[in-house]
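Before any questions on binding or motion, here is one chain by itself as structure tokens, the form predicted on its own.
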């Protein structure tokens, strides 16, 4: 462990065996490493004297209470009590076992602990701060709710603000944020509806069933009602859970007045204020609207899932995963669907995979207008929208859905006024370990610059931030090797690097090897309809150390398949370890353990046999 000297404090009473054991080890280390460690003993003559110091009179205002919001420290009654003094603040370590673990990490070759540590700066929080709350979370989405409940678990006094500003088309929703109301949840349910339709249309007869006759086709209204009822149930459950966890829920819009004060406005326009020692901004993002003449006639993903009637013939503008997912389920439900693509599909994802997804969608009824953007929208009295494109062509649609990106929902939050640094291009907040340029204001999720826009990322970051703020943790969020899935008709799961990124990172393609396979999942094997576009997987491997850099999967249940490899990727799995793993037969996931064909060999990637 290089760097400045660690000042380690340990308190206990003279005849306590646990105190003496831990103090003895610390003393030895301070003799061996005098420039790296200084130990300060707080030894008391009796157990009662020690408890009086630690707990205080009537178990109030003891030394442990100076560790504001650190639940484990605030509850400790035993000996020893250890902490590290650093930069004017005290960082709780724990009791005997915790102290010995710290000693082991101190002398380990990896350094302090072998793990990365948070770079967060002291934010001035104290137990007697005098504000209304220890923490106020602005935004009641998945990340904000997770952070608030985790902080409350450690004894913090917490409030959550959540106020949904209507979309330009007038759509609103309840507590839970984008994912629950207008994102992951309704998207996957409608995606599943499309998959069910495909099975009924193409797969039942080979399995001995008679395909049902559907004289009316899919009923959008029935599906919408079921989906929205499910969402309303989730909204209610979130409110109940907050109450159970002692988190105050405020359905109000917040705006910073200063670094510790918010101005609140409720739905009736009534204005009030609250104060807090700390804030977490978790407002997420909102869809970018169409910037052309008549762009106000287009809707976004904020609106599509709650439409009262079927969107009918639909134009999806954009080649993002949101656009492709929506176009996929709309076409799967039997609707005439077109995607306007300005440049390439799924920018930022693996190019080979993106091309396969595009080909599959086109063969399954989705139309593509490539190299164009809408230049004008005109809405007729019957509600039809005539779209003129940049190449001069035009067509008429019932619905135009814009999915060209998202912008952080910070415009009216007042963060700039209190000195929080943002990216002027997208409104996102610049952070180090979720801490903004104003030390007591933090940010998590889609609102944070450089953060993957994924619900589980916001949830995990929120939990880990609350542990650092109120439970003495110093472990930062790890944003590397995060699994994700694109729910296009042919689902795509990925963890790690794309082939292009791996080549760029290595400096040349010759330093990586790509193993790949086209295969037919067993459940598809009886259906002729499934044969043109097989499932596909590939693994990108470093030739230097055999480490797996990326795993990509196209096929059924992509999320379930990919999630299982997430831990292995976090642990630095090698290709040899992957292929020495015994697969589960017959499954699609086992294909990863059987890969032998490389791209460099030039051999066909088509699988043979079961």
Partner chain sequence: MRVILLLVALSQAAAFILPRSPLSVHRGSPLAAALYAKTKFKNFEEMLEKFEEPLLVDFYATWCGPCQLMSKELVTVGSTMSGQVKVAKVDTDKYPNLGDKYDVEGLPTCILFKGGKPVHRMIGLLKADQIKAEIAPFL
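Predicted model, so just to flag it, every value in this text is computed and none were measured. Positions refer to the first chain, counted from 1.
The protein also exists as the form predicted together with its partner chain; that form is not presented, and the subsequent description refers to it.
Of the listed positions (117, 104, 232, 309), a single one reaches within 4.5 angstroms of its partner chain by any non-hydrogen atom in the predicted complex, namely 232.
Interface residue among 100, 223, 292, 250 relative to its partner chain in the predicted complex, by the heavy atom within 4.5 Å criterion: 250. Contact with its partner chain in the predicted complex, defined as any heavy atom within 4.5 Å, is confined among 416-424, 91-99, 242-250, 492-500 to 242-250. For residue 236, a non-hydrogen atom is located within 4.5 Å of its partner chain in the predicted complex, even though that partner is not displayed. At a distance threshold of 4.5 angstroms between non-hydrogen atoms, residue 270 is in contact with its partner chain in the predicted complex.
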